[in-house]
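Encoded as structure tokens, the following chain is the form predicted alone, with no partner shown.
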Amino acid sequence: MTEDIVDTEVFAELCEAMGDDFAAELLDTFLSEAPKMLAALKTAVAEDDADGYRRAAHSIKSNAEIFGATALAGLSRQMELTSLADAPPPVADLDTMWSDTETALKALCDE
């Protein structure tokens, strides 16, 4: 399951480049900050704030890419490129993807 959600090679490259301790520190920061980014995206949707929506989706995407969280990054990218007026945003899908990603990333750290 992890391989479908996180590109383990990207994650391993991050650990190799930054060192395991620093990579773990970065990951801890992402795991604590991502819920705030998701909340910002939801607030933007509720307030019909297109710029805030794009910024929040972009932040989630960019951070996810660093850790090889390709599925989360892909969905966030799709959201970033889609206007709020085009279609209802897949916020529930993003929540589910975040939950799966968080679990997968934590599992990689435990290995």
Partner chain sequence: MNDAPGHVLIVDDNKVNRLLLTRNVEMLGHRVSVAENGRIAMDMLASDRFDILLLDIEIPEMDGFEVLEAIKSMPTLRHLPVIVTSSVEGLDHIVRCIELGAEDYIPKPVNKVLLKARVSASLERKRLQDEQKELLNRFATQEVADQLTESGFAIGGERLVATVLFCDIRDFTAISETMTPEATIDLINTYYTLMFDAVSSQGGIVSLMVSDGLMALFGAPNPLENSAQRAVTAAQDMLAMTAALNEERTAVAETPLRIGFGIATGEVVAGYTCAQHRATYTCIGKTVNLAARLEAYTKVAGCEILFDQTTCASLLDTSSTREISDVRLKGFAESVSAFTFA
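Please read these numbers as outputs of a predicted model, since none were measured by experiment. Numbering follows the first chain given and starts at 1.
This protein has a second form, the form predicted together with its partner chain, left out of what is shown; the following refers to that one.
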| request: Tell me whether Leu26, Arg55 and Glu65, taken together, all sit within 4.5 Å of its partner chain in the predicted complex, counting heavy atoms only. | output: yes
| query | Is there any non-hydrogen atom of Glu33 lying within 4.5 Å of its partner chain in the predicted complex? | reply | yes
| query | Wondering, does Met79 line up within 4.5 Å of its partner chain in the predicted complex on heavy atoms? | reply | no
| said: Test of understanding: in the predicted complex, would Ala92 fall inside 4.5 Å of its partner chain by heavy atoms? | reply: no
| message | Under a 4.5 Å heavy atom criterion, is Thr70 part of the interface with its partner chain in the predicted complex? | response | no
| request: Pull the contact list for 11 to 37: residues with a heavy atom within 4.5 Å of its partner chain in the predicted complex, in sequence order. | output: Leu14, Ala17, Met18, Phe22, Leu26, Thr29, Phe30, Glu33, Met37
